[in-house]
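We begin with a single chain expressed as structure tokens, specifically the form predicted alone.
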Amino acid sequence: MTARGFLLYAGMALLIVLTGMFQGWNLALTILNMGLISAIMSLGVNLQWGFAGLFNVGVMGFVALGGLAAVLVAQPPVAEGWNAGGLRLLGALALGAAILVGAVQVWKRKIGGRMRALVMLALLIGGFFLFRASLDPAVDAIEAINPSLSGYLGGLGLPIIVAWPVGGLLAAGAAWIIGKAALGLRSDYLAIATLGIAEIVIAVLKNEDWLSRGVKNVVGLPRPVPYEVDLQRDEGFIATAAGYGLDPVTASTLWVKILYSGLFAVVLIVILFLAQRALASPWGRMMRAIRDNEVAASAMGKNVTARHLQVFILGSAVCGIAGAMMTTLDGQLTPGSYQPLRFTFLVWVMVIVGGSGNNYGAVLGGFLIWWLWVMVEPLGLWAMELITSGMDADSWLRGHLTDSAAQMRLMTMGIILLAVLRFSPKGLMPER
């Protein structure tokens, strides 16, 4: 990393420290934790765009799949749900998968075009009605079990940290399916396809209550760190907090956030190390050659589509890990909160501002953009109150400007993106 990079990271650290000094360490640590997760998401997108030039606008879907993994792995199984229709539901899903595999095999057969189309149509339409006839009764039986508190199958009851790599595997599996269908498309069509598929993933999470309780949310997920209430009852912790001049409530809140920071930092460092090794390897040089000129790389014997599929799966897996970490930090899965603005557009801004193709730049962009996303609104409100302090209390302009302060974050993101693209098109830390 260059001297400029060290200075930029030092400036970012200073921003977090100043936030802690002037607005409280609780807020500073909250920003730090989400900054670490955002940096991991940014690394995932940088693998796809910075290494291979893949325009993936479905980041939100892979993050949501990581969040789903936290539920499927860490939540205890709901015995009543399994007894009511769990095995029937698994059988229906297996039947649906068999129908799709059968349709693919029919498509691969070298038979007459019209006959093949008719067989495919009959198989898919008939299979759909058979699948729904098997699935719907099982789903109704599961969702009828105490719907206000349960109404789903639950998970495996494993430690929630196990959900982090599982989230990556779940996102990677989805990326393989999507990549096989969409990676042959031109970049703009690939963007449309990935955006549409991400919306499908969110729609499934919102509507399939047996899987994730839909919009009723899954709350009370297990945690990899102690609960604040348990720390506040620990005599040793109380004594240690008193030694630092802190009351048990404040100390427990800060300590839990510090523990989360440590866990997230370890994951970020491991992924960053692996990404750097990949970038410096022959594979990384090949990926950049494909990005810069696909035709020339193909002429040299490189399988462009296969390499694109590789990096698409890897980047999506990283986003899935970040999604599982974020759900762990929140302690709940809320499918209604996944919005393209937050989980796709903002992550792309992080990559572009930090420096596309530079892993350290992607991490810096994750921290910087998330800090701005959180801090711009209160700073904008303060600035508007300062600007309008000389106006009458009942002035319409004062009221309008104060009410508009909440929109400052969107305007700020746009201004920053335009400024970077104008004055530093390769980002704050350009690719070397």
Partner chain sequence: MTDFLNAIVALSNFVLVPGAAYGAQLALGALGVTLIYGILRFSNFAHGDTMAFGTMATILVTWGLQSIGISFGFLPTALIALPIGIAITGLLLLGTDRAIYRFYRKQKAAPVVLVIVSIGVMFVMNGLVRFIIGVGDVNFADGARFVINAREFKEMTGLDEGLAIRTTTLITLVTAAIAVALLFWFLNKTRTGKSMRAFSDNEDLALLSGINPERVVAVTWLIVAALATTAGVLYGLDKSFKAFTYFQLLLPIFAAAIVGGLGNPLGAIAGGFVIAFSEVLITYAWKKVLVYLMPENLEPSGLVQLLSTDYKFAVSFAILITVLLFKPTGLFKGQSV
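Positions refer to the first chain, counted from 1. Here the structure is a predicted model, which is why all the values come from computation and not from measurement.
Although not depicted, the form predicted together with the partner chain is the subject of the following passage.
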For this session: Please run the contact check for residue 13 against the partner chain in the predicted complex: heavy atoms, 4.5 angstroms, yes or no?
Result: no
For this session: Evaluate residue 170 for contact with the partner chain in the predicted complex, applying a 4.5 angstroms cut-off between non-hydrogen atoms, and reply yes or no.
Result: no
Exercise. Is residue 181 one of the residues lying within 4.5 Å of the partner chain in the predicted complex, judged by heavy atom distances?
Worked result: yes
Exercise. Any chance residue 107 has a heavy atom within 4.5 Å of the partner chain in the predicted complex?
Worked result: yes
For this session: May I ask whether 100, 176 and 306 each come within 4.5 Å of the partner chain in the predicted complex, counting any non-hydrogen atom?
Result: no
Exercise. Of the options 193, 231, 123, 138, which one has a non-hydrogen atom that comes within 4.5 Å of the partner chain in the predicted complex?
Worked result: 193
Seminar exercise, completed: As a check of understanding, the residue in 349, 279, 271, 251 with any heavy atom within 4.5 Å of the partner chain in the predicted complex should be identified as 349
Seminar exercise, completed: Only one of 66-74, 52-60, 27-35, 359-367 has residues with a heavy atom within 4.5 Å of the partner chain in the predicted complex, and that stretch is 52-60
Exercise. Out of 192-216, which residues reach within 4.5 Å of the partner chain in the predicted complex, heavy atoms considered?
Worked result: 192, 193, 195, 196, 197, 199, 200, 203, 204, 207, 208
